[in-house]
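For reference, the chain that follows is the form predicted on its own, supplied as structure tokens.
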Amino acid sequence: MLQLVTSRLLGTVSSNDLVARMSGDEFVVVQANVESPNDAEDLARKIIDSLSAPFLLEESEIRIGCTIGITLAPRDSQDAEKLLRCADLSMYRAKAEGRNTLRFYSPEMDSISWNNIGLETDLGKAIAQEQFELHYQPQIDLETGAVAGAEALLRWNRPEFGLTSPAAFIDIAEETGLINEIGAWVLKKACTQAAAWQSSPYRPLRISVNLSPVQFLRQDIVQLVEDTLKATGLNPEFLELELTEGSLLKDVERTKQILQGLKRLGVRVAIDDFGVGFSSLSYLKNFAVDTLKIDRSFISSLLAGSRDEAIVRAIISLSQSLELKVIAEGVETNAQLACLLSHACDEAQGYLFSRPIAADAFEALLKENPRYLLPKQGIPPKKVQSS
């Protein structure tokens, strides 16, 4: 594949230009006789167009994309090493904005992009130095008020920064491929914790783990899950893997195969953030899923008679018709919960019940064996000791 890309590049640039492969799938083009930035942009767009055309590799048609960062000499620097660094920074910015894009270097990229590079370096050390931890948010059965499950949520206890949400680093982890190692750690840690809870006097508890789209499609996720279940001793029926709609539709045929493999293992599959992705619902018929999680954007302004209520009611009705479990996430007020109860939503999670908490705090919650007194006529939920 690299040889084919090289041929395309050589066929696109002029005879006076230089093409070099730096490492991995990174190439550098040194363009001669550039009179204006437009010359560099024109060549970059030709390269993008050239590499966007399908490749024939071992009788298979392969499509790829590329992102391009551009730096100009002597405007940005006359030092070769600095120019390469500027090109790298601008490519990094292009990557953040999507495939098949190009960006020129600008000085303000220095502080932003170097922060990201520092983040990448720290991420590489985080697993070895045991800086990650999981917090758990309870999922409440809205028929009984009992804790039915928990979503495992990753936190990075980054030195000098404290607990850091995945929103701050997950994109970098996906771009660099570190997400596979991080995701494998999360899965094993969550399953180990869930197995410990199963073997204690607590009720059987389902554990939900989020899978990155990159991890889901690029890693042998079925084998990873099978190996993890064997290593931790967790019963497969108590593991639920959460996927976004977008990740399911990136490669439909491969997704079907993966989901079938996961179902053979006996694990459950949930679609996270349901309702904000693709409008086609055909995948609910074709994909082996068990649960729909209503996106929090519909819950945040959920009021009786609102459009959000109509959407939530439709999602719950759809789930019931397809015999799928439905969970509402981001529940924060009594009014939201009352509305969900009126439409027979199966489960809910959110700050109204509990913030994500560390394993020992969650274990204390389970040890109390609580159930939540669900609201009636505006009475807020509160824990009561079950018999």
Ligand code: C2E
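Worth saying up front: this structure is predicted, and the values here are computed from it rather than measured. The numbering used is simple: start at 1 and walk along the sequence shown.
Missing here is the form predicted together with this ligand; even so, the following discussion is about that form.
In the model of the complex, residue 273 approaches this ligand with a heavy atom inside 4.5 Å. Taking non-hydrogen atoms only, residue 210 approaches this ligand to within 4.5 angstroms in the model of the complex.
Interface membership of residue 100, defined by any non-hydrogen atom within 4.5 Å of this ligand in the model of the complex, is ruled out. Contact between residue 155 and this ligand in the model of the complex is found at the 4.5 Å heavy atom cutoff.
Among the residues 206, 263, 313, 296, the one placing a heavy atom within 4.5 Å of this ligand in the model of the complex is 296.
Between this ligand and the residues 94, 186, 87, 123, the one pair within 4.5 Å by heavy atoms in the model of the complex involves 186.
None of 59-67, 33-41, 322-330, 338-346 except one has non-hydrogen atoms within 4.5 angstroms of this ligand in the model of the complex; the exception is 322-330.
Along 51-68, a non-hydrogen atom within 4.5 Å of this ligand in the model of the complex is carried by no residue at all.
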